[in-house]
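First, one chain by itself in structure tokens, the form predicted on its own.
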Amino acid sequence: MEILSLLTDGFVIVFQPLNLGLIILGCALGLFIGAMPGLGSVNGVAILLPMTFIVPPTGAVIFLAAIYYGAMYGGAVSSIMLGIPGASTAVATTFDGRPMALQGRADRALITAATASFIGGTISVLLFTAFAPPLAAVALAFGSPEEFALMLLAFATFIGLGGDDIPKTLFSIFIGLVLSSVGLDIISGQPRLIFGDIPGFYHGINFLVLAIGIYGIGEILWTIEISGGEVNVAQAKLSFRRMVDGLRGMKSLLKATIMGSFLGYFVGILPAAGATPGSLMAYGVAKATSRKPETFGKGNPEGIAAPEAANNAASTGSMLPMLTLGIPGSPTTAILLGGMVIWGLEPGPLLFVEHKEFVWGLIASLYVANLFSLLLNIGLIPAFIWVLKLPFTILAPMIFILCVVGGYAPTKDMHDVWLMLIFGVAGYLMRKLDYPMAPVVLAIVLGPLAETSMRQSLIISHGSPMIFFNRPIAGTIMIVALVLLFMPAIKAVKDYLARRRVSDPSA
């Protein structure tokens, strides 16, 4: 009952005209920022942080949190409509969102993304409200061995339950891991894989550069080839009945959406994990548990619902360690943490005691921001659909320009633009040769996290790999991951023995 009383006080703060206006403005700006390739919630919050000094601290954090929420919704727009991830958190949405748009089902894809985001956001805020202190303790129990085990489990899911060609999946993962190791060694600081001392490789390969190249440039090249020169982008129709049908269709996606919500929230509360790994893991699990895994990557709505629910849930989850432990759960919450310090709000367990008005006002604002983001997203679907009505001769140059801007924006380095073009050609060739691209993206995102946690664990254990098995949580996750890794080999042996029995009954 105390929680309900505190939450009610939070809603009183939120519905003050200034704070409510800041939420609506933040959601609208976030939607635009998330939809613009190369911007994303990190850049958006950082750019708009100085504007918040003219309002009270509570209103300032509510405004920035609304931008964060809106950007999580907006990232799906360019992923679906243009095949360019608006932010790293929306890369997994591109896998099935873009094929749906090309099949004339962009309205269904956008409704699925918006509704799944709303469900994921709602579930995560409810968990945040009810279980903040115990979940913070769980997050604190996750050390380097547990984090590495979780990363390995993500890779194992793609291999053991993915349904794709196993050798090609392994090749894609290994390529992604190699690319993720380019730059400076995390412990010694020595450069590695910098290809003849090329300066641009010292900062590593930016994840967005890879994603925009593969799914932006690569998509253009692939579309031009399969069209035989006569490019006709599938046109999406929009009507009230189709929108209602799209919302009704969410019933069949509830399993993937709820799974993505809980998985995304759990990954989000882990320090330094964030929404991108959560959305990619949710996509992998949704594919592994689907009745039709072979349809993923070809326009399966489950491939949109799971990652969209996960990235919204993770964005809320990442605020938990920030408020309770003072540890940012994502790059965006690191900026929010800096803003809180500037405003004199010291994060930690005492924040819930000394600044109840701020904490519960922020939590209540997440409920409201989630609702307004949904309304804005669904209300603007006609404008998003209009993009697909443009002739491809106009749309293709627009996509190319957005790709170049998105590749240049994160680092302001032309090296990354050239690298993006190379990845675009590589993405086209992978598509042509039927190599799965999702494992490459997963590997370059999780590679640095997995390497850091593995090396930290081995330093703690003085080189003994048993540290991954003699801790209860890490050991359990590792065993599950190893079972999944060896599952294809076990299945192959069973199939071989079955064929042998059929051909030779006496064997």
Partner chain sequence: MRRAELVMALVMAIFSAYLMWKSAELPIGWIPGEGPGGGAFPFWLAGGMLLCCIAVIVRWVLRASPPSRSTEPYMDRHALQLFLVGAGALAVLIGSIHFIGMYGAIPLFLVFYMRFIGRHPWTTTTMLAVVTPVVTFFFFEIVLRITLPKGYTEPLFYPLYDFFF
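The term rigid core refers to the most C-alpha atoms you can superpose between the two forms while keeping them within 1.5 Å. Residue numbers count along the first chain shown, from 1. Note that the structure is predicted; figures quoted are calculated from it, not measured.
Keep in mind that the form predicted together with the partner chain is not shown, yet the notes after this line are about it.
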| item | value |
| --- | --- |
| 4.5 angstroms heavy atom contact with the partner chain in the predicted complex for residue 400 | yes |
| Touches the partner chain in the predicted complex: residue 122 (any heavy atom, 4.5 Å) | no |
| is_contact(residue 418, the partner chain) in the predicted complex, heavy atom dist at most 4.5 Å | yes |
| Touches the partner chain in the predicted complex: residue 174 (any heavy atom, 4.5 Å) | yes |
| The partner chain in the predicted complex: contacting segment from 420-428, 97-105, 262-270, 356-364, heavy atom within 4.5 Å | 420-428 |
| Among the candidates 383, 244, 254, 193, the residue which, in the predicted complex, approaches the partner chain to within 4.5 Å (heavy atoms) | 193 |
| Residue (of 29, 482, 458, 473) lying close to the partner chain in the predicted complex, criterion heavy atoms within 4.5 Å | 458 |
| Complete contact of 404, 451 and 454 with the partner chain in the predicted complex (any heavy atom, 4.5 Å) | yes |
| C-alpha of residue 492 moved at least 2 Å between the shown form and the other one on rigid core | yes |
| Per-residue C-alpha change between the shown form and the other one, residue 107, threshold 2 Å, rigid core fit | no |
| Residue 423 C-alpha shift between the shown form and the other one of 2 Å or more, rigid core reference | yes |
| Cα distance between residue 402 and residue 26, which in the predicted complex differs by 3 Å or more from this form, closer or farther | closer |
| Closer or farther in the predicted complex: C-alpha pair residue 106, residue 425 (3 angstroms or more) | farther |
